[in-house]
Each structure stands twice: as structure tokens, then as C-alpha cells.
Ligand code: SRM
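What follows is one chain in C-alpha cells, specifically the form predicted on its own.
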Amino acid sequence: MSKEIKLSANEPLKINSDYLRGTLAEEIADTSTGSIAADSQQLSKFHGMYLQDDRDVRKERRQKKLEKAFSFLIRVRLPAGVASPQQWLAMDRIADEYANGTLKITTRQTWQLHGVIKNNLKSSIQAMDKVLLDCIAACGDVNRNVICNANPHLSDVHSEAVELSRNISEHLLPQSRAYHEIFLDEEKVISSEEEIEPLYGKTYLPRKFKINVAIPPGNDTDIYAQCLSFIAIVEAEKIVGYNVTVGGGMGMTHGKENTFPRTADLIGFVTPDKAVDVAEKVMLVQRDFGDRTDRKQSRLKYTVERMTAGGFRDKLEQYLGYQLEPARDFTFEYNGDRFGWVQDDKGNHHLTLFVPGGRVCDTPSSPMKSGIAAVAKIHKGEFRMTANQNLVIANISDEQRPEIEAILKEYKILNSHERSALRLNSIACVALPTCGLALAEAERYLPDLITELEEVVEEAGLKHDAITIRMTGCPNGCGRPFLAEIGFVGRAPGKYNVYLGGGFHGQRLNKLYRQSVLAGDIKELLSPIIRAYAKERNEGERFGDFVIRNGYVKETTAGNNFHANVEQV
């Protein structure tokens, strides 16, 4: 007799949810609590939101016998991270009226709102809808926001890649009308025919699914960290097709060596007319063969690991009904952003600004939120958010450039990118106080740590040498820490695992160097390595390559040896 397969708890929840409705509408209307039930919390993710609470005040509220300080995070669906000035201004107003007054640019190239209380959920989403924005499928077991290079050096080619990102996003969007009924007050259509999800079915995907599009030589979207990537192959200033990679992903669990980050495998090439079809079929293979019994093993990276890249490609080609072409040559040169001014071949100007932690807010030293809003009121181009949490003011004409420069100078943000290369190549996740998974600080602590390390970097003459540095409050990997040349992953309050040796182009995972390092000891730990790098590196040698060559860590050649050859200290 065959052994009964026990599905994870989320699987029957999805099946019985009436296509993501559940009891969400009733619970959001309940004013007696700021929370929603556990099952509804899972369903709300499919509609682009997470229930959180302010962990800084948990103890105080518990002592006063008060409910936790609940609020929602709302994540916008914004393919390729491109927004109009009108959309920026709308989000600016929504942040002030319904959230905590800040706009967070995420590593998925979109906005997050924080601090939205339950009573303001519908108002926020309806205000977004008026400027053609939504948060459908921004979270949950579905295809999430499709990201794309943000730095538009080649405008015609870049516009093609943006269009592909949008087409994939629209094609893979869930068809359930639950979002529109619950948050936009659309009336439910009564029909004798059962509603269907043509791609997802009742169970949707086993876990989240992430897609990106990149144009070499820029890898600012970190294609090796994504479930599925399309790498544009450009000939004669036209995209002739895309190399396809599958099976990347960052998350792991401390102490569980069967969980690991993984870099994606290159499996072939497709012409532009087939790219959306390939995106659909890769997702469907994951739908049908992903692990639905253990959510820690359910990402596409583990499916590819089990099937092997060749086996996955064979199955994909069965679904497609045709074979992928052999992959074509390409080269990545960086995975950071290109800061400052650039001019494209049409004469338009683009300015990439550094946004600390991706947090667009007003501070006494830099009222960035007010300044960007002032720009949006007169800007005739676009805003493009980057996957490194920065902002591009794009498509500025010769006539408008002086006016925009004057506004940015007035608000003290014109030269935001004139920082150390270490700071400019940094990423931090939100972590505390709102993320329920965070074990340690990230966004609130990394700037201070970089200030400490800048003393060493500048003393060593490395102020202008880029070293990727990333910090997350837990090992889920939202800030892609396992690709960083220096990575910090929260282990406990004030303690971090320190990883070294990631590839500067985003092509190689790092390796654990020291475990559970106290925050106050990090500078002392890294200073000798940074000084040695300054004195002993080969010409053109990157920090991640140097630490491997000099034996500080072993090279991680694949995700399944991420934990190998690590000294636990």
C-alpha cells in the first residue's frame, strides 16, 4: 500500500480558499481588532500584503494588556520598476495619509508601504487603483514582481526588456477576482460555472516565484539569485533573443544543511517571440513538480537541484513542444548601480541617486521624500527604481535638467551618490522592528557599521573601490546577502554570521567565515582582511576573489556545497 503524502498546511488552505477569498472580506471589516486570523494572513500575501507588528513596543503593550501594534506592509506590483511622476506623487500622498510617511524601495524594484493599519487598507489600495497601480501577486505562492535592469544606457534595447517584463507580469497574473471584490468593492458575479485559474489552478504554486530580465554587461538585478531569468543577447543594437537561467534562490535556514542558497543554471536560448511562453512553461513545471510537502524545500531551486538542470530542461521542452537553442556568449561586469548622470543615444539624461536602505523619507540632513515629490511635480519623464534599492530619475530633457538639478540641490540630494564605494554598493533588508522573521537588525544598523568600516577602507586607500556588502536580519535572504563579497546574516540580537567571497558580478555564492560575531567585533574582524586586500591584491582583483585566493574561505562552486569546508567557530 502506498504511503499517504502529507501536504504542507498551506496547500489545503489554498484549495479551500475559494480562489483566495477565504474570510478576508469579513475580517478586514472587523474593527474590534487590528489583526486577521492566521489563515487569512497567508491569503493576504497573494493580494500583496503582510500583517506585521511593531516589535519595539511589544513588551510595553503586553504589560498594559493591549493588543500588539498591528499594521500591514503593502507591496506594489510594478513590472521593471518603472513609474510615472503621477504615480510617484500618488504613492507619496498614500504614504503620508495611510502609512508611516515613508516609501521603501525594495530589492524587487518596487515600493513598499509600512504601517498601514487595517482600517486604511482599502483606502490605500483604492487610491493606488486610481493611478493604475495594484499589489496583486506582489507576495504569495505566485509569480511576483518581474524586475529588469534599471540603468538605461541603451534606451531602445532597454525599452524592449521593460516591455518583456510587463508582458510576462500580465500573462502570469492570477485571474481570480478576489482582490477586486475585497479591496475595490467590485460586485461578485454569480455564475453557474466555477471560477478557474487557467495557469495556477486551485493550489497555485508550491512557493514564491521570481523572474527577471537583464541586459549585459549590467547584472544589477542579480540574475543568478532568481528562479527564472532572461539575459538579453544584443546584436547590432537589437535584442535577438534571451539566454535562459533557472533555479536561483537565496533563502536558507540556520542549522539545516539541506537548505541552501543556490545560483541559477544556464539552460539555453530563446528568440524574443518565445520568451513569454518559456516563462509560462517554466512556472508550470514548477507548479507540477515542486515539493508541496515541505515548504522549506518547495522553491524552484530545489526542484532544479533534484531534477538536475538537464533533467529540468528536458521536462521544460516537453511542456514547450520545442527545444531551446544553445546558450550564447555574454559577459557581466558588475551587479551594482551606475550612479550619477548618464546620457543615452537619444540625448535624454538619467540620474541615479543613492537611497540609504531604500528608505525615501525626510531627515534634517536630507529631506529626500519632499525633494523627489517636488521633482515629480514638474518631471516629464519617468522614475525607475533599482533592484539595489536606489532611484533613477529617467528621461530628463536638456531643457529640464537645470530645473531638476536646482530642486535636488535645494533639497540636499543632488550629490547623494558621492559616498564611499562601500556604502554605494550596500543593501539591507527591513528587519526589525516590523519583520516578524528578523533575528537581528539590518536596515537600522548597517549604515553605522559601514561608517566604522569606512575608517579602515579610507585608511587603506580603498574609498573608491567597490566591494559589495549586504546585511539581512535573518537567513531568508531578501537582500541577496549570499551573493555579496561581504555578507552579514542575523543570528540573534546583536550577532551575525559573516560571509566572504561572493562574486563581484553576482555569479558566485559566498562562504561562512565566522559564526555569531558580536556587532561590536565586526570591524576588528574585517580590518586585517581589508588592509591585506589593499596591499596584496593582484591588479584588477576583486575583494571576493582575493579572500578565496588567500584562503580566508573556500570557494563555493555550487549551492549544494555552500555549507561544505566551513569551520564552525
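Nothing here was measured: the structure is a model prediction, and the numbers come from that model. From 1 onward, residues are counted along the sequence shown.
The protein also exists as the form predicted in complex with ligand SRM; that form is not presented, and the subsequent description refers to it.
Only one segment in the set 494 to 502, 176 to 184, 414 to 422, 247 to 255 has residues whose heavy atoms sit within 4.5 Å of ligand SRM in the model of the complex; it is 247 to 255. At a distance of at most 4.5 angstroms from ligand SRM in the model of the complex, none of the three residues A83, H350 and S426 contributes a non-hydrogen atom.
Interface residue among H379, R384, R480, H158 relative to ligand SRM in the model of the complex, by the heavy atom within 4.5 Å criterion: R480. Of the listed positions (Q52, S40, S527, Q507), a single one reaches within 4.5 angstroms of ligand SRM by any non-hydrogen atom in the model of the complex, namely Q52. Heavy atoms of L437 reach within 4.5 Å of ligand SRM in the model of the complex, making it an interface residue.
Remark: Q389 counts among the residues lining ligand SRM in the model of the complex, judged by a heavy atom distance of 4.5 Å or less. Proximity of T468 to ligand SRM in the model of the complex falls outside the 4.5 Å heavy atom cutoff.
Proximity of N476 to ligand SRM in the model of the complex falls within the 4.5 Å heavy atom cutoff. Residues R207, K208, K210, A225, Q226 of 203 to 228 are found to place at least one heavy atom within 4.5 Å of ligand SRM in the model of the complex.
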